[in-house]
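Next up is one chain by itself, shown in structure tokens, the form predicted on its own.
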Amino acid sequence: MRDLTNEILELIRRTSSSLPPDVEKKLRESVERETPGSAARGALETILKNVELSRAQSTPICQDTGTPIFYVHYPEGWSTRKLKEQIRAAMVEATKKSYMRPNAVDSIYDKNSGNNLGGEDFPSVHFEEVDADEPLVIELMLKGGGCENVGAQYSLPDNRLGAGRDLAGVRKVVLDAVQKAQGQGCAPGVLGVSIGGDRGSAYIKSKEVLFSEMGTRNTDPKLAELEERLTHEANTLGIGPMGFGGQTTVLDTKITGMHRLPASYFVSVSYMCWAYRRRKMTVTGVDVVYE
């Protein structure tokens, strides 16, 4: 089996230091919606200058390099154990090169491992097997702690918000999560929302949906409509970039539906900050393509 440690290291470098084109494009469009001379516009202009400098210097976009979340779509016959070993080795090297800040802290003993490895769960690696003739695809998202802190999970009905077990109720609780986040989530953010599932699987799916490109809509027309509506309504709350007020609080909304037990109706919101760091690499034979 091919050793892809160096290629995965490059994936980490690109993810940490260079925003994807669709995210940067959305941020640049957002600048034009803010009033010249306003704090909101100034915040976005500073963000974009930071994006340019980070890319040019191969330095992290944000001092919080986040929780590394890998999704590995591997062809039948590949060893997931060896792939995970290569990912972990690449993460250690990325930390040495300062592409990643040492982030893995033992919660019991409050000790930082110093190399971004922590037990079997840090970094987070998810595997999915594909047909033997398909390419290997590794996707990486770096999920910052500030935006992770303002994620939320609701159990419907929520009488406090008047939210029932329907899409109208989903709308109410998602907007409540955005309102509560204020500037602490490093707006403008992107919302990943899962409807249904259990408490654990729902949060996983709410992050998984964030791997899709900006502007792509759910194939279910009801959910696609809700995605558009939530983005629009969140931007009327006046929170704005970094909580300074303005027109741009949410850049996009992604929703996925899950089956659930009759007794439960969870709505889980994963908030992604403006540093929407996600990249992928595709390996076909000897060729490696980064996106």
Partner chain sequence: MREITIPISDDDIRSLKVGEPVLLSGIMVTGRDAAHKWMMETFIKKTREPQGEDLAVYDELKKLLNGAVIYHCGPVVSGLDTKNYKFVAAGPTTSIREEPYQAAVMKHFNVKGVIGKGGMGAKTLQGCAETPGVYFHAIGGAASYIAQQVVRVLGVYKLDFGVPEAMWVIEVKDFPVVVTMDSHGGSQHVVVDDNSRKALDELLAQPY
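Quick caveat, the model's predicted, so the values are computed rather than measured. Residue numbers count along the first chain shown, from 1.
Keep in mind that the form predicted in complex with the partner chain is not shown, yet the notes after this line are about it.
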property: is_contact(S54, the partner chain) in the predicted complex, heavy atom dist at most 4.5 Å; result: yes
property: I239 within 4.5 Å of the partner chain in the predicted complex, heavy atoms; result: yes
property: The partner chain contact at V31 in the predicted complex, heavy atom, 4.5 Å; result: no
property: Contact of V250 with the partner chain in the predicted complex (heavy atom, 4.5 Å); result: no
property: Proximity to the partner chain in the predicted complex, single hit among K84, R199, K111, H126 (heavy atom within 4.5 Å); result: K111
property: P102, P75, G215, P157 - the one with a heavy atom within 4.5 Å of the partner chain in the predicted complex; result: P102
property: L167, D176 and G243 each touching the partner chain in the predicted complex (heavy atom, 4.5 Å); result: yes
property: Among 257 to 265, 45 to 53, 22 to 30, 66 to 74, the region lying within 4.5 Å of the partner chain in the predicted complex by heavy atom distance; result: 45 to 53
property: Contact set, 221 to 236 vs the partner chain in the predicted complex - heavy atom within 4.5 angstroms; result: L226, R229, E233, T236
